[in-house]
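Form predicted alone, single chain, as structure tokens, below.
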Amino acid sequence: MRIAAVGSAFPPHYVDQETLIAAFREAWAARYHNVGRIEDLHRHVLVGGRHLSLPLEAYARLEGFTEANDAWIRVGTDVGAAAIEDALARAGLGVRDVDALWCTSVTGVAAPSLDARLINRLGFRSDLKRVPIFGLGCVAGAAGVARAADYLRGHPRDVAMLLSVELCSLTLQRDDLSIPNLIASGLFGDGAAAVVLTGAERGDAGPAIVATRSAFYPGTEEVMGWRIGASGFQVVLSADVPEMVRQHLRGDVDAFLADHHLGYDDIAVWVAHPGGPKVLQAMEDVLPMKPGALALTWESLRQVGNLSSTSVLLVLKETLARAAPPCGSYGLMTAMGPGFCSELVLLRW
């Protein structure tokens, strides 16, 4: 199986972080005892700006979960369609070539799901196999690639796609002044990415998916996720996330590489999810990577923030375009998310 192409799309509203900080300061100044703390939190995540689903001034007019979710369906369908079209164009394929579509998001809900709406909009075949995914959060970009690869092992002549649509700004809880919500309001952004994967008998362009591995850490349900209620999605974001990296990721990667008779020196490129500065620092502390191995991940965090499952796919896109290693080299894609869990994907160019 190979990754033939990655496409992306963003809502047209890009706002720099200082403008966003000013807007949050105005919105929360009367209710939060230390507005400077909000500013510090938003600057410390090292995000330079983010794409938003709506114009900045429109968020104050959202009157609850229903309106926010309606916007998620409308904007998500738009950016999802654009990301799919971008990916297929890069792969030299059309929608009628696609045999299976995975669609992941953790920032809104719909039935029919986004993938069904996109069949109607883009003209996919009526026998398209659909797998909508909800609940995996940040790990779903890497996990979705892995599950599509599992499918292609049994269908080597097929073309599969993964679509990730994350519109994190629409989950904002304006009445929640907890530290996790304040951090999330400064860290997460909006966008979509799509990956085209081809079976072994379908094409030879792009890096091959050699193997994948999932790792679940029991008893960690409260580390990250959502509490979903009348007001929508309330973030669960523990300070223990970097500690999860320190406790688990090195052992997972060591075992995965050893099973394939590889060492860290064999990994030419790292495609990592930009979970945040403390998460990336923890990765650099525990994994013996080459200097600058996460440069594209840090860059993605600065430019657009954390886009949950979409982010690792944006890093993958930039890796293919700007940092592809020589033929025969290995790469490792990694992401972590609610569960708490991790996903590893071994690539070979």
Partner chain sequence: MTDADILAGIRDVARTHLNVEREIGADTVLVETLALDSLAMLTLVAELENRFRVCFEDGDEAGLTTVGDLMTVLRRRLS
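Positions refer to the first chain, counted from 1. Just so it is clear, the model here is predicted, and its values are computed rather than measured. In this text, rigid core is short for the largest set of C-alphas that superpose within 1.5 Å between two forms.
The form predicted in complex with its partner chain is left out here; the points below concern that form.
**Student:** Quick check for you: of 150-158, 136-144, 260-268, 233-241, which stretch puts a non-hydrogen atom within 4.5 Å of its partner chain in the model of the complex?
**Tutor:** Flagged stretch: 233-241.
**Student:** Can you work out which of I179, V210, A200, A89 has a heavy atom no more than 4.5 Å from its partner chain in the model of the complex?
**Tutor:** Looking at the other structure, the residue within range turns out to be I179.
**Student:** Among R37, R302, K290, R43, which has at least one heavy atom within 4.5 Å of its partner chain in the model of the complex?
**Tutor:** By the 4.5 Å criterion, the partner-contacting residue is R37.
**Student:** Against its partner chain in the model of the complex, would R227 count as a contact residue? Criterion: heavy atoms within 4.5 Å.
**Tutor:** Result no; R227 lies far from its partner chain in the model of the complex.
**Student:** Counting only non-hydrogen atoms and a 4.5 angstroms cut-off, does K278 reach its partner chain in the model of the complex?
**Tutor:** Yes - in the model of the complex, heavy atoms of K278 and its partner chain come within 4.5 Å of each other.
**Student:** Mark R61 yes when one of its heavy atoms lies within 4.5 Å of a heavy atom of its partner chain in the model of the complex, and no otherwise.
**Tutor:** Taking the distances in the model of the complex, the answer for R61 is no, it never comes within 4.5 Å of its partner chain.
**Student:** Although the partner isn't part of this model, could you tell me whether H33 comes within 4.5 Å of its partner chain in the model of the complex, counting any heavy atom of the residue?
**Tutor:** So H33 counts as contacting its partner chain.
**Student:** Checking T66 here: with the core superposed, does its CA move 2 Å or more between this form and the one not shown?
**Tutor:** Moves: no, less than 2 Å.
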